[in-house]
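Coming up is one lone chain in structure tokens, specifically the form predicted alone.
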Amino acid sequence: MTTAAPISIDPLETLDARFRAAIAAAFPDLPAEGIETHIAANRQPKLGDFQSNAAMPLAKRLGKNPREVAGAIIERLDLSGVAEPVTAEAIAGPGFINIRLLGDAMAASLTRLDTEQLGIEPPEHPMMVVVDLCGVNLAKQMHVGHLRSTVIGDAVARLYERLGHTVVRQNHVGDWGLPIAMVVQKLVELEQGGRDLSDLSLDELNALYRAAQAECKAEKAALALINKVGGHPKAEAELEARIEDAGAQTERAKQRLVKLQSGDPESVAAWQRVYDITMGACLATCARLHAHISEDASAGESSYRDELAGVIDDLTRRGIAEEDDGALVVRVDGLKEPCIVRKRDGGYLYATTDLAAIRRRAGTLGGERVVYCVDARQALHFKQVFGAAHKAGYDRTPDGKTAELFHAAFGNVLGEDNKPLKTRSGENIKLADLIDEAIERARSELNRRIEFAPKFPKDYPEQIIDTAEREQIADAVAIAALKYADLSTERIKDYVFSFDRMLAFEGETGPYLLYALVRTKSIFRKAADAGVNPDDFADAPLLLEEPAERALALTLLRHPGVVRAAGENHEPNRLCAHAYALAGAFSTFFDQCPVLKAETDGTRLSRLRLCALTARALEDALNTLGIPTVERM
């Protein structure tokens, strides 16, 4: 028998370690990295809490009988202090090994979980983590395309914070370059024409942005076609006039960009107005989404403008970059396409700015991990930029470490037609409008339920919810619905947006999780009315006798491991799945195990403590995901 590994809070971790040791002892010729334990929750709880399916794939590799392999494993398996001894009778079918945990061991692990940090120990060496998120553009409304970069980015940042690391958020704002200069030029022209711009809105700015782009867009393709196939002389003349006007407008925008870059007061003042209006609306929308993104987190492209020439000079001087057909490129190992850092005309690109950003995020901010929450279409771009940054040494921290650079890529939000979600006119849906509609739908559903509630008073013991509280609840339900639908999807996948599905109070939705949390809190209010206070059950012995109690306990014990895995892999969907499993296990427990009307005082106090642990773990999961909670629904 092998030496027993320490007991973790999560029984899966302990069982995995114990089985690995037993397999290594039974088959010493197997490489350690090739050992898989295949332990999962048992689909037939009457046979045990967990089941290992390791014997079958091992038998195939070793050319042995699966039951023979299973027998060799259990001969060397030490589950002392964790589970009941495993005998030959525990081997089922072709070689499944069933495991039943000891009730006392589960209770002891739950007691270890019952701390302020819910069993999540601070890291021995906390990291500085930089998270790139949101990524808005000046003079544009946030649209549905910003939903995922904002809520996934915020959730990733919150996960790292929950694990005890220091996090710096970076909202990489598109606030520089010729397109912005076009808008600035329009504002200057309006102001020079006597327009009072003090009440300018973001919608008006957006309209100016489109007008500026339209004015600067030459119709050369249409003219080339006319020249090729022939056309009406008048149409040709009109096109030539429009091209001339567009060229003049573009030239004025270029001149304005030069003035802006040189610090011309009039240009800077107009740019600042565009910036303030856009960022004011952006931060307000982020606040509505309960995403922790502040003005301090904003690091626009403009903040790197004075560093780009230095980046190019450095790359050229050290031979990192080379000329290729007039452009300047960095060749990256393993990639066909080089990273272009300067265009033929001498202009800079997104890659140039991103290299400067990595140098700042690692070299100045000290980011040991830099995570980019940007859509999957930018995968090649980040491979090029990360490779170029590493080649140049821009990913080094002040103490000489090499920062880990991650692209936490995500898929698209789709409409019911499985195409990117847009308005009927084909435009991007404003994120603020999406939030407004979600709140309106949540409000209607909440009002319907409250009006219906008096017929069933026992299900709604606290019916009196005033207007202000209804609005608070509607807001929380709407945001929970939006964010859970997004975060619960495997990050890299697309998902179909459906208000009806995501706002449902049943099934795997945000409102269902809020309702589960509210049910736990309702129990404590009822307990207080019955004279039972939290101190009465804070240290009550945990009696895990009923199957539903054991199932809830097992789900609770997964909490620290799931939070760690979700953070380390940048996968909020893991924590969403855990929260849903916890809500489901609690619902079954609540239905099958009377709490306040338990048969004995000891059972009542034990179950109240289980409820308290469930409430804390569920609320912790929701807070870590950035989902707001409520006291009543």
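Heads up: residue numbers just count along the shown sequence, starting at 1. Remember, predicted model here, so these are calculated numbers, not experimental data.
This next part talks about the form predicted together with arginine (ARG), which is not shown.
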| said: So arginine (ARG) isn't shown here. In the model of the complex, which residue out of 387, 174, 179, 561 has a non-hydrogen atom within 4.5 Å of it? | reply: 174
| message | I need to confirm a contact call. Of 256, 361, 186, 483, which residue comes within 4.5 Å of arginine (ARG) in the model of the complex, counting heavy atoms only? | response | 361
| query | Taking heavy atoms and a 4.5 Å cut-off, does residue 135 contact arginine (ARG) in the model of the complex? | reply | yes
| query | Can any non-hydrogen atom of residue 154 be found within 4.5 angstroms of arginine (ARG) in the model of the complex? | reply | no
| message | in the model of the complex, is there a heavy atom of arginine (ARG) that lies within 4.5 Å of any heavy atom of residue 532, even though the partner is absent here? | response | no
| message | Whether residue 498 contacts arginine (ARG) in the model of the complex should be assessed with a 4.5 Å heavy atom distance threshold; does it? | response | no
| field | Residue stretch of 347 to 355, 470 to 478, 96 to 104, 433 to 441 approaching arginine (ARG) in the model of the complex, non-hydrogen atom distance within 4.5 Å | value | 347 to 355
